[in-house]
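First comes one chain, alone, set out as structure tokens in the form predicted on its own.
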Amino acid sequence: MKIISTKREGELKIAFEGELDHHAARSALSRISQLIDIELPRKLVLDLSSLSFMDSSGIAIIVHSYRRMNELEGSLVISNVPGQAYKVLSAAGINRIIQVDKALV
């Protein structure tokens, strides 16, 4: 799992590459929390376009990020969600509380 971050004008974008499963979740959660605490963004964008697989561990990371952004009175958007990850997020109902933008395929 590779995590790439960029920040501009109050927006922190975090892009994931590879598989977001229970093996990668702990280090990913730690890194995302660290980035949020350092940057204190007004908007957090989680870009899943290069994600090849996601299981329920990804949901935990998204919910944690959502809660942290609420504490900061900021917003969270999940963008470029590939089909498999979109099914996982939809089954969990994440798209009812967080903006989820499906990848155009």
Partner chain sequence: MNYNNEMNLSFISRSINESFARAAVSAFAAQLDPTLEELEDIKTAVSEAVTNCIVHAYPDRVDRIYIRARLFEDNTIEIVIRDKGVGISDIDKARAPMFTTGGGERSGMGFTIMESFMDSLKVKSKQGRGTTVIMRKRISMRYAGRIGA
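Residue numbers count along the first chain shown, from 1. Note that this is a predicted model, so its numbers are computed, not measured.
What follows is about the form predicted together with the partner chain, which we do not show.
Peer 1: Can all three of 22, 59 and 84 be found with a heavy atom no more than 4.5 Å from the partner chain in the predicted bound form?
Peer 2: Contact check passed for all of 22, 59 and 84.
Peer 1: Using 4.5 Å between non-hydrogen atoms, is residue 55 touching the partner chain in the predicted bound form?
Peer 2: Because a heavy atom of residue 55 falls inside 4.5 Å of the partner chain in the predicted bound form, the answer is yes.
Peer 1: Check whether residue 15 has any heavy atom within 4.5 Å of a heavy atom of the partner chain in the predicted bound form, and answer yes or no.
Peer 2: Residue 15: no contact with the partner chain in the predicted bound form.
Peer 1: Check residue 31 for me: does it contact the partner chain in the predicted bound form (non-hydrogen atoms, 4.5 angstroms)?
Peer 2: No - in the predicted bound form, heavy atoms of residue 31 and the partner chain never come within 4.5 Å of each other.
Peer 1: Hey, in the predicted bound form, is residue 43 touching the partner chain, heavy atoms inside 4.5 Å?
Peer 2: Residue 43 lies outside the contact set for the partner chain.
Peer 1: Heavy atom within 4.5 Å of the partner chain in the predicted bound form: which residues of 70-103 qualify?
Peer 2: The stretch touches the partner through 84, 87, 88, 91, 92.
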